[in-house]
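Just the one chain here, the form predicted on its own, laid out as structure tokens.
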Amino acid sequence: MNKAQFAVVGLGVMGQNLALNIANKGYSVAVYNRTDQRTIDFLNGPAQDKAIIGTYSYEGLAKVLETPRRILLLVKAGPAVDAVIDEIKPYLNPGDILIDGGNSYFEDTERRIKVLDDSGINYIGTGVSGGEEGALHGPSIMPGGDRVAWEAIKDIFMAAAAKAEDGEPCVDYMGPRGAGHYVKMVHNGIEYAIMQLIAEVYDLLRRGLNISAQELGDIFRQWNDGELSSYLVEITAEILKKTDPDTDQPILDVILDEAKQKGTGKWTSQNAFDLGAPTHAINAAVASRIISSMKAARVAASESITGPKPAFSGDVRQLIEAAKEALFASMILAYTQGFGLMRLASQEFDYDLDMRNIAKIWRAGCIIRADMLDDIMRAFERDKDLTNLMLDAYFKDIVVHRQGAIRHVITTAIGMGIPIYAMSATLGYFDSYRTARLPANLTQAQRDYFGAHTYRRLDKEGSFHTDWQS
């Protein structure tokens, strides 16, 4: 019997679609799912007539795979991954490769690599972005771990990955140990930020200008045809145009305003705090999802706490144009913060991340794909050690010339009492970064006053303390 070249464990929608994707690229695939019936249904359904072999035990899976075995785990992040590793490990040999394709926390990946190292089993922590459609037709793939193991799976991943317009596959080796899952975590943090920025612009135009969802759909569609071209802007236009068949209302008008989260955005913010990286937009997006979940409290508060009523009396077309420019500049600043975080993490964890390659593999397949990623890639080609995208002449010019639009949009929203937290945080990041002297001198004086924490001076070297009450 010819043995399978690859295996997928976990036949949720992502697992099924990735198995189909890889099989469609000419590789034979073995599959396993904890529930036998799901495997049977998959084989009799989408996998019928494909080079896909069903198995019903880890022992059976190991027997049908060529060596070194290459096994992709697509199970829920957390304890489930550890459980699968413990169950499958007795059937693996040194040199076999386990690939975790879920949204695992990068420190869990680091731990698992250490645990498996003694057994000689290679572990690849792999970020996969693109959702269900991306899994089937080509996702962006971010593998990290042992480089030799990467070489053993490289051809399969390059075949399965999305292809950018220049034909380049959206996959590359990210770095050692947990580098792949770290990059995916930051990808999701940027995703949180951009989604929140889009939502705030939608809210301003919908409530502040009373523009219908259909009209807004047309506006976002036009924006997507220009410099804002991106997956998230594209699907926003489609969502705005969608009508609920039960009520004949815009679907957005019947969706509960309570955003869920799986934790990757929160992980990004938490790690940014640990490393000392400014991720204002991501932090604001996480906080915005948290307050959205307080639906009952917000409804009660709305009945007793008053504020400005959304009522705009200015130039509507001017505000719409400003919203477009503000969104574009804010999205650039969200990417800036994400890449800045990855630069610090690369130093802290010895990942040796290549920022150009990260931008390259995000250009297609993933959720935050956007035309501007080509320009981000070129910025890192001009200067591979670029510390901040705003220091690149191209991006500096864009943000500087659009900062007026950001300020106009924010002040307009504030005047109408419409929350615009992420965009305000993004502007705060921009203004702080361009300011040579911040009021942290007062903060340090306060800390020294109540805690004798000392401070540094502009005119002398060393640490100093003042007897403030003498």
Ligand code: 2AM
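Note that residue numbering follows the sequence shown and begins at 1. Since we're looking at a predicted model, the values are computed, not measured.
Unshown form predicted together with this ligand; subsequent notes refer to it.
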> Is the gap between Ala83 and this ligand in the model of the complex 4.5 Å or less for some heavy atom pair?
Replying inline: yes
>> Is Leu319 part of the interface with this ligand in the model of the complex - any heavy atom within 4.5 Å?
In response: no
> Contact between Val75 and this ligand in the model of the complex at 4.5 Å, heavy atoms?
Replying inline: yes
> Though only this chain appears here, would Ser28 touch this ligand in the model of the complex if you measure heavy atom gaps against 4.5 Å?
Replying inline: no
>> Partner absent here, but in the model of the complex, which of 48-56, 28-36, 416-424, 64-72 has residues with a heavy atom within 4.5 Å of this ligand?
In response: 28-36
> What residues in 11-27 sit within 4.5 Å of this ligand in the model of the complex, counting heavy atoms only?
Replying inline: Leu11, Gly12
